[in-house]
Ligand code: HSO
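For reference, the chain that follows is the form predicted alone, supplied as structure tokens.
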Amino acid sequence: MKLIVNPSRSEWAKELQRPIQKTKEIEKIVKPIMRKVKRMGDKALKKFALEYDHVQIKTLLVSAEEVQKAKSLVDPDLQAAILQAKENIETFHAAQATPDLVMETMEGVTCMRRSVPIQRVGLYVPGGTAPLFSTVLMLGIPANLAGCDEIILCTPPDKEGNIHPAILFTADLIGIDKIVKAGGAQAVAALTFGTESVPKVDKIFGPGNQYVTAAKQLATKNGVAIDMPAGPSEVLVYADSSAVPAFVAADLLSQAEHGVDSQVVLVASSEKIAKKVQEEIEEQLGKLPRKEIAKKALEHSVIVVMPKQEKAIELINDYAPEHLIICVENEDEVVSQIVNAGSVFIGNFTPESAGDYASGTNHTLPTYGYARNYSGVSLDSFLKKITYQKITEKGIKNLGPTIEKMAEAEHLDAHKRAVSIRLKYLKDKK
């Protein structure tokens, strides 16, 4: 990892630049895929499965028999771990529910706000180099709690045409029964336009590679919402002398192994801490099965030495990391000043992987600096907030003149008349 000592603010953007996403080039590949799926439906999905996943798919939808078979292939210890994670995620997300808001803003004028589930949602679950069954929990559980009518899960098959057993076990556990053997941009296209087997959805969720991300952004131009723009995974660790270097190195490597385009950043309070962490990275890297992927990610990752805490906090907020780990002595003071981060992990015994799997928070988070203006997935992501108002005769008498005056000032006579006609009716009724 590149080491930089106390860079000036003008250097931050350049030194912490994320891997460049060639959006235009990617869109040139993705747009024809989207068009073909829109035009050819299931036939296109099967064609792309052969082209990209190297498998001939006969039936796109996973059968009940396949689900039952997969359940028997999942190790009992893993099943128990998934059940524990499910319980924690359900507990935390259920607590996010808010009651209907009903209040009288003035006599005779009642305003209300209600949470209403999005009817049809599509969940994209990556299945390439690492089948992310944990994402099924992170997306499926809040979708269920919100009360979405239809939940469709898309995930790529392996070269035998099968879905990873842990993905099927987890989907079945939370009641998702429409599972599509499709990955990549073509899966997003199917959820956007609908095919013979895949219903068109109202909103698409889930992480993915640059092609999936580009497809999701194109989906928004076709009347479908998405959870957030999301790119390669990333973590920033802020560490001082109270941090355990071995823990810090392990956390950095846990993100580096996600993919060659992942980025990890260490902000250290001294060169001494930085060097200790570097030594630990060297030692631990060789033990990883995915070390070649991690090595490539480390090539565009960086260690920044920032002795002054206020400057370190400024840099963190400027970078806006997806995952932020804080291992410093005055952790509460630092945490209170963080305004841009997807999810924050506090203290030496809070690994980022806890949030990835089982603590209860959601792991679907904004990357690439989008934590400045997006939140991670939550129960609210699967809900719409609808407002209502009810005005009585007394209420329109009280509020009417205010509306009339404002409409008149904006030269919107029909707006004014909609009130005036009611006030006249009430006056004549006397």
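Treat the numbers as computed from the prediction; the structure is a model and nothing was measured. One-based numbering along the sequence shown.
There is also a form predicted together with the ligand; it is not shown, and the following applies to it.
Contact between Asp227 and the ligand in the predicted complex is not found at the 4.5 Å heavy atom cutoff.
In the predicted complex, Thr195 stays away from the ligand, with no heavy atom inside 4.5 Å. A residue is said to contact a partner when one of its heavy atoms sits within 4.5 Å of a partner heavy atom; His258 meets this definition for the ligand in the predicted complex. Using a 4.5 angstroms limit between non-hydrogen atoms, Ser233 touches the ligand in the predicted complex. No member of the trio Glu27, Leu191 and Lys216 reaches the ligand in the predicted complex with any non-hydrogen atom inside 4.5 Å.
Note on the partner interface in the predicted complex: the residue among Ser134, Asn144, Gln309, Ser359 having a heavy atom within 4.5 angstroms of the ligand is Ser134. When you look in the predicted complex, the only residue of Glu331, Glu280, Glu352, Asp202 with a non-hydrogen atom within 4.5 Å of the ligand is Glu352.
Listed stretches are 272 to 280, 104 to 112, 322 to 330, 159 to 167; the contact stretch with the ligand in the predicted complex is 322 to 330, by a heavy atom cutoff of 4.5 Å.
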